[in-house]
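Next up: a single chain in structure tokens, the form predicted alone.
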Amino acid sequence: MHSRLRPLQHKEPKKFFQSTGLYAVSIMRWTFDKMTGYGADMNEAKWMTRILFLETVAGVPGMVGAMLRHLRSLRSLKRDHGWIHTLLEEAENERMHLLTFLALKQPTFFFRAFVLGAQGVFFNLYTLFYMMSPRHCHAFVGYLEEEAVKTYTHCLHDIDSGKLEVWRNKKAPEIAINYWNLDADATMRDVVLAVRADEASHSHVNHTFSEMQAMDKNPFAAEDSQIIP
């Protein structure tokens, strides 16, 4: 899932579920940006707070989708056709993003409490909406990941322009070097590039899922797999 070669391609909304997904993400992004002071005047502390919080949220949709599809497969006595594994991989990938940045900074008690509350609200709302319309939810995540790519692109710009110069030469955490198979002398800039590519991949996968039928075969399943459960 963590290919560093996939470019971001914006999905122009042409159907109702795509328009509502984009609209919901736009409202959430505008609100979150205003609440956190996101903009041109970013520093390392602001970047860390923003990234840590967003990655705690980003790890929820894949897990919820996989859980609900798993339960449906059990109660319907039918195969899932490979979606569960890809969704779980997405959730795990987002969790690794979080653990990577946690190696740089441990959040405060207030931050942890805020994450706890936000996760409780988002998990339950996303679960409810996924039960009603997985198509809408995958479109929502597709556009959410597009915004994540924009955020990490902004971060890269700040690194290269000198606003976040410390990350240009700061050594990448060992967990990141091992997970993405980076060079031993990799820096945080390399980490941000890898994370941004992951987000672009998640966007592509979820936009694709949003246009598929629930029982279609997962096109992202391993090609050498003989059985796609």
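It should be emphasised that the depicted structure is a prediction, and the values quoted were computed from it without experimental measurement. The numbering used is simple: start at 1 and walk along the sequence shown.
The following text describes the form predicted in complex with a further copy of the same chain, which does not appear among the structures shown.
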For this session: Verify the contact flag for residue 157: yes if a non-hydrogen atom of it lies within 4.5 Å of a non-hydrogen atom of a further copy of the same chain in the predicted complex, no if not.
Result: no
Exercise. Wondering, does residue 70 line up within 4.5 Å of a further copy of the same chain in the predicted complex on heavy atoms?
Worked result: yes
Exercise. Closest heavy atom of residue 59 to a further copy of the same chain in the predicted complex, within 4.5 Å or not?
Worked result: yes
Problem set entry | Contact flag, residue 145 vs a further copy of the same chain in the predicted complex, heavy atom cut 4.5 Å | no
For this session: Could you tell me which one of 31, 43, 161, 178 places a heavy atom within 4.5 Å of a further copy of the same chain in the predicted complex?
Result: 178
Problem set entry | Contact test, all of 166, 186 and 218, partner a further copy of the same chain in the predicted complex, heavy atom 4.5 Å | no
Exercise. Which residues within 12-51 place at least one heavy atom within 4.5 Å of a further copy of the same chain in the predicted complex?
Worked result: none
